[in-house]
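Below you will find one chain, with nothing else, as structure tokens; this is the form predicted alone, and questions on how it binds or moves follow later.
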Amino acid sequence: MADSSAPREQWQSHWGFILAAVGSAVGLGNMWRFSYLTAENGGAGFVVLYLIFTVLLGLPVMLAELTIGRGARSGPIAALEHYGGRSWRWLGAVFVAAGFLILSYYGVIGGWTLRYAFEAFTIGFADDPGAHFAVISEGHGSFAMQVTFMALTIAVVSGGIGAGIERVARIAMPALFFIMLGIVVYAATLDGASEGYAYYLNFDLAKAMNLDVVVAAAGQAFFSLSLGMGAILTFASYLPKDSDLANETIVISFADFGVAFIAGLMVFPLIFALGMQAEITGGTIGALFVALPKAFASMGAIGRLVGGAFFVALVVGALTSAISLLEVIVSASMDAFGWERRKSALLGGGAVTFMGMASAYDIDVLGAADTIATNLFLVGGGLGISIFVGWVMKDPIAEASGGGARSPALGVWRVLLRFVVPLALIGILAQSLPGTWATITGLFGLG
């Protein structure tokens, strides 16, 4: 075990932590999945449902992770042992395994975003984006870009909390916001943009109240905050004891929602103004790497600039999420083996990259890994943390309040963790199991 007397790193500022935590939550799914689900499932009605479930599910689980991380001041495995004894180390191990699995294929997708951003500013977008993506998404080229993206991630995490992760977050996240707002303003000037807004923000209450849509909104509220994989818990372990966890939970959650919402204002006006609406699909990969590049290519020179900016934004979102995933692995390694940070980052990042080779060479493996991680690991991790804090942890309200006044809202928080969150996550898990099992059996030819 690591030397418990050694001083733990700490965020250099409150806003450095906030930006890094928002960067962890903001990923490629925010740039498309939320927008698509909103447009297809009742528009503004879906947004209302999403916000309700963010309050009922997302905020409670995020505050639970923040509370455990700040209190234990260690990575997931050691943190769960700190509050629940050795019998709860398994839940921390689930978090680390989730981070490892997700980063193994996320690094591949991150490599694609790097390639598209580079090509946008050099050779432009391909005339046939579908054929181009089929070529670059698998094989040696895909693996080479995965290695490049992972090298960037390892370099940042090796720099530590202040000099590495926080420094990058302070630059990358404001840049992401400004790039997105710039594209939103440009898209608003295009003929046909109003049809895109109408498609995105239609208000269909009847559709929004459909049971499948309600479950989708609940799942999106949980998944979009990157909960259930220990990233927020690990980041919180570097917080000072006097941090206001409730306030930070709210800021992070709604900043993440803001990015997702703005992404829709960015994407749909472009799609409709260029007449590409028939080609949008629910698949994140198909939209981001085929339909949108085709739209940018049809815009000529300005399309290279706007498209390049868009893919730079994707690189930022992918990189900040990857950093948080690798930090989960690094923190756990430092706690368990007493390794120094650079060694942990190199060995952990190298192992993740090696495991990700399968996804780099076979996109079906990537899709299966994503399904397993999202539907089993994240939901299972969130279910475990809600039960742990709600029923097992001794006086989590005192820990969350940091020795200050015990707010009545924290009592409501614990009730949500005990009853509402577990029931909702069990429902999401039950709904996703048939599809997850079909994906697994299909991958191994057992279907």
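Computed from a predicted model, the values in this text were never measured in an experiment. If you superpose the two forms and keep the largest set of C-alpha atoms that fall within 1.5 Å, you have the rigid core. For every residue, the number given is its place in the sequence shown, counted from 1.
Only in words, not in the display: the form predicted together with a small molecule, which the text now covers.
Picking from 337 to 345, 240 to 248, 202 to 210, 220 to 228 the stretch near the small molecule in the model of the complex, with a 4.5 Å limit on heavy atoms, gives 220 to 228.
Of the heavy atoms in Val108, none are within 4.5 Å of the small molecule in the model of the complex.
Contact check for Ser359: every heavy atom lies farther than 4.5 Å from the small molecule in the model of the complex. Leu416 falls outside the set of residues with a heavy atom inside 4.5 Å of the small molecule in the model of the complex. With a 4.5 Å cutoff on heavy atoms, Gly29 counts as touching the small molecule in the model of the complex. Listed residues Ile165, Ile102, Met173, Val267 were compared with the small molecule in the model of the complex; Ile102 is the one with a heavy atom within 4.5 Å.
Interface residue among Ser74, Ser321, Ser142, Thr153, judged by heavy atoms within 4.5 Å of the small molecule in the model of the complex: Ser321.
The rigid-core alignment places the CA of Arg414 less than 2 Å apart between the shown form and the other one.
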